[in-house]
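We begin with a single chain expressed as structure tokens, specifically the form predicted on its own.
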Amino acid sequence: MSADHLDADESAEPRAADGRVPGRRGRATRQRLLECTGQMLKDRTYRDLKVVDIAREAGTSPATFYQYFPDVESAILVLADYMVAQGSETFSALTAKASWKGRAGYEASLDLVDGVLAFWERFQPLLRVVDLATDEGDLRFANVRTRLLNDLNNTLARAAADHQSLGKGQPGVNPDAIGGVLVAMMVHVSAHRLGFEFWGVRTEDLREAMARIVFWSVTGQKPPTAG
């Protein structure tokens, strides 16, 4: 994650651990620490990520790290907030244009699946931490996951409910359940895409399977044939 990426996430003034607003040099140091944290998550588990290692990689000292973050998890949570903002922007743009009608609806399903796959590939190291910490009961990371996926879940649920109101879709099935199941499917498959490929299942086939399930679950219509 580059410095300009972090700038996009830091429209509000970042603060040091003691509540002070750092100056320009302090902001640059803080960003460098965040960048190094994000980069180091790519090749090690966050349990093995130590303050001293991040500080050394950033060319500063552990004491400087603690001026901005009380612990490694706090730095990761700042990166996670940026990720949530990017996810909200990405998924909102994809679902806002979805018509869910005929081939155009199926193409919108493909676009949505592509967006989730690409997002998980881009943020995979950070998402692994979010999932692990959430499973361990850390409510801070559970909140990150909720904020990341809630809007997407609700959008799909509303689309399913709209079709039900027209006598289409999946009559008698809770729309919130439809949205939740579709999001869980896309997230799980995206997180384990490389594992599927290892066993000979191509990403293209995963993509098509998910898009067809999304389209059918929302509209109740058979997906259009290829071509």
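The first residue of the shown sequence is 1; numbering continues from there. On a predicted model such as this, the values are computed, not experimentally measured, just so you know.
Below, we refer to the form predicted together with another copy of the chain, which is not included among the displayed structures.
The listed set Q67, T29, Q170, Q39 contains one residue whose heavy atoms approach another copy of the chain in the predicted complex to within 4.5 Å, identified as Q170. With the partner omitted from this view, the residue of L166, L194, A177, V52 that lies near another copy of the chain in the predicted complex is A177 [heavy atom within 4.5 Å]. Taking non-hydrogen atoms only, V201 approaches another copy of the chain to within 4.5 angstroms in the predicted complex.
Taking non-hydrogen atoms only, H188 approaches another copy of the chain to within 4.5 angstroms in the predicted complex.
Using a 4.5 angstroms threshold between heavy atoms, S92 stays clear of another copy of the chain in the predicted complex.
In the predicted complex, another copy of the chain sits within 4.5 Å of a heavy atom of V181.
Taking a 4.5 Å heavy atom cutoff to another copy of the chain in the predicted complex, the contacting residues in 37 to 56 are T45, R47.
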